[in-house]
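Heads up, the chain below is alone and in the form predicted alone; it's given as structure tokens.
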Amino acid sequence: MDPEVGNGCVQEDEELGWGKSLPVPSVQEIVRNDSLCVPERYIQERQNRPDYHSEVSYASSEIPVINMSLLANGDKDELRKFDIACKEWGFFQITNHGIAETVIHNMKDAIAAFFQLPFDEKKKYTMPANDVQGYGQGYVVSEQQKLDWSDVLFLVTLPPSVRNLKLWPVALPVFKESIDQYSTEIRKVTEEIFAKLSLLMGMDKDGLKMLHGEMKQATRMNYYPTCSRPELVLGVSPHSDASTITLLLQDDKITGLQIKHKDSWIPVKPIPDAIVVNIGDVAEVLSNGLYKSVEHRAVTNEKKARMSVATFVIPSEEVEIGPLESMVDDKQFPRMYRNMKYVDYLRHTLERKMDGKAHTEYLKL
């Protein structure tokens, strides 16, 4: 079976998308055909490979955990923890977020069902040549770059008016319903986080929400197949997110996400039904660097496949991003970033491979 994901199964849209990514083999099919095979193009350069030995010593370091119920109810200690988490870590896990277990489990089941479809069925939802939505792998911009050990289904999920439903799997009747429920609940959590960030950044509680215009959600569903040589590959290369914030639903049983903290890669241990939240590039720019988007990556597992779902919260394309006036002081906190239309920044990032914090450097003065 040819593992190449081609573009012949989805009719291209004439409208320009956010970017494009070259077609690549399905890792799931590579493993299905030969579970011991690790093609050269997936083997990372030595300096980029995960070091499982050194990471063991950092196992006691854990990212902050925020109780969303306390935060939403105005608990000052929890707000202080939230502020420190955004400043010092750029990552935190949230519990008591109000999303029902059934909604979370239905979302996970929908993703699992998609990746269990026959390959020929999944190919029907391949990324068009002019967009990054669909089935494949993002940020592939050359035939020479190293590839990630993962397959992806990437969809714009909110608002419903901007969905490209041709890329939604009709073979799974509950798929759309599960995404609808989960996206709606994630939006509620997002608005609560935005309200607290707004207050911390010197605005009223609706400031961030209003600034985003027609706020959008883009959802990346990740499948990380088993790998016979996990020490040679990465599930996702180091990067920061081009979002305002990202909310990640992890696999409850397998640790795969790692964040860069004080020059070390720290594993983010899953808390069942918790959601990992991270600061994105937009929040870094708006806060004039007070809150930093942090490099993160995913590693693979030799014995078990892993799935996750990342929801990126982003502004309307035409919104101009730049430091908020409340976050700039010419003497103490001079302006560090230039202003740019969000869609221009998004397209800039999607034209390049994942490369740590290189994208935010582009925005700096």
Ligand code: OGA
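Residue indices: 1-based, along the sequence shown. A quick note: this is a predicted structure, and the numbers were derived from the prediction, not measured.
The protein also exists as the form predicted in complex with this ligand; that form is not presented, and the subsequent description refers to it.
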| query | finding |
| --- | --- |
| Listed residue that, although this ligand is not shown, lies within 4.5 Å of it in the model of the complex (heavy atoms), from 212, 176, 292, 220 | 220 |
| In the model of the complex, the one of 248, 167, 195, 156 near this ligand [non-hydrogen atom within 4.5 angstroms] | 248 |
| Candidate spot 38, 119 and 149, all three touching this ligand in the model of the complex (heavy atom, 4.5 Å) | no |
| Residue 336, heavy atom within 4.5 angstroms of this ligand in the model of the complex | no |
| This ligand contact in the model of the complex: residue 298, any heavy atom under 4.5 Å | yes |
| In the model of the complex, residue 227 touching this ligand (heavy atom, 4.5 Å) | no |
| Contact flag, residue 42 vs this ligand in the model of the complex, heavy atom cut 4.5 Å | no |
| In the model of the complex, segment of 99 to 107, 239 to 247, 184 to 192, 280 to 288 with a heavy atom within 4.5 Å of this ligand | 239 to 247 |
| Within 298 to 335, the residues that have a heavy atom no more than 4.5 Å from this ligand in the model of the complex | 298, 306, 308, 310, 312 |
